[in-house]
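Presented as structure tokens, the chain that follows is alone, the form predicted on its own.
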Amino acid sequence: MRARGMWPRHAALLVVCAIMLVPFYWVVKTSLTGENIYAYPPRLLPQAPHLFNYVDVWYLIPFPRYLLNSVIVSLLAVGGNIVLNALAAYALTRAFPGRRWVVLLLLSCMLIPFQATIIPAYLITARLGLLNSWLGLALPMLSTIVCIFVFKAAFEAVPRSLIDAARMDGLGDLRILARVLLPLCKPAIATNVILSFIWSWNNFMWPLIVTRDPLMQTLPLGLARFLSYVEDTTGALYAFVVMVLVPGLAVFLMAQKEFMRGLTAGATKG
């Protein structure tokens, strides 16, 4: 009886899922055919699909270089988030004077949009000599406050007895973090990986500001400039969109279960 009562909810979820997937399917179909998106009546199935549009994107523009830049910047952002956020979260789980004010300060910083900090971030990056470099592109994404609190919630869920036992065995704070807490907090790690990867992969404004050399641009910038490379851009542009979306989608699908567990823990144990 309970299963029968769930079918309206399942049907509604299927409708919502279809609404969300139809635009993505249409992008993929157009990238394989190059059909006019305004053609009427629209065709549901692709006619004579081919990969010529993907080949054009790969060879007509410096796509491999854009891809390399995006991969390196995203990996730097992911590594920075795991290391720096874990260290900051572990510090916030320890008792020290003014910890509550530090937490409130971090939470208040989440209210400040990134656009309001672009000028000081640019000046700092320029003073460090990191303009037009991979590290400079990744610098603002090396740590995010949301992911710090995801780690903090996960660390606080670990039984205190395990930490005390590790300390009695002679482990210091860094070794406790690396050998005890992080292996038990894989959902939090997955959440940090997915969020930091997607945010850095899709970042447009910061690379636009700090890059001068076209060969240092990332995929979002390459996508924005793509219309100036070729005349008939319908199929090739959609192929470019698919090639930009696939890596982020793949990362999410590989870690979606751990991501949902980590995000839920972070939402309920702030």
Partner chain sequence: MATLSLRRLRKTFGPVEVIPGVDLDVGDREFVVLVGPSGCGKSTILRMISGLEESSGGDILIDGAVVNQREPKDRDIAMVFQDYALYPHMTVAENMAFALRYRGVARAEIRSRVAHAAEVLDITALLARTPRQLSGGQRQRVAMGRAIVRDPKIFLFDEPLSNLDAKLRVQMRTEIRKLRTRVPTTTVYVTHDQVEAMTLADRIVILNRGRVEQIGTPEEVYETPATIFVAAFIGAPPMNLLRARLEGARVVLDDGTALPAPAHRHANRAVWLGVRPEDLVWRPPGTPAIGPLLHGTALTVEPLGAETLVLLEVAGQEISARLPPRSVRRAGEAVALAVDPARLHLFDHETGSRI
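Predicted, not measured: the structure shown is a model, and the values here were computed from it. Numbering follows the first chain given and starts at 1.
We do not show the form predicted together with the partner chain, though everything after this point is about it.
Residue in contact with the partner chain in the model of the complex (any heavy atom within 4.5 Å), chosen from 104, 168, 126, 111: 168.
Among 184, 157, 118, 75, the residue placing a heavy atom within 4.5 Å of the partner chain in the model of the complex is 184. Contact annotation: residue 179 falls within 4.5 Å of the partner chain in the model of the complex, judged by heavy atom distances.
Proximity of residue 175 to the partner chain in the model of the complex: non-hydrogen atoms within 4.5 Å are present.
Remark: residue 131 does not count among the residues lining the partner chain in the model of the complex, judged by a heavy atom distance of 4.5 Å or less.
Contact annotation for residue 146: none of its heavy atoms lies within 4.5 Å of the partner chain in the model of the complex.
Only one listed stretch (195-203, 159-167, 131-139, 146-154) carries heavy atoms within 4.5 Å of the partner chain in the model of the complex, and that stretch is 159-167.
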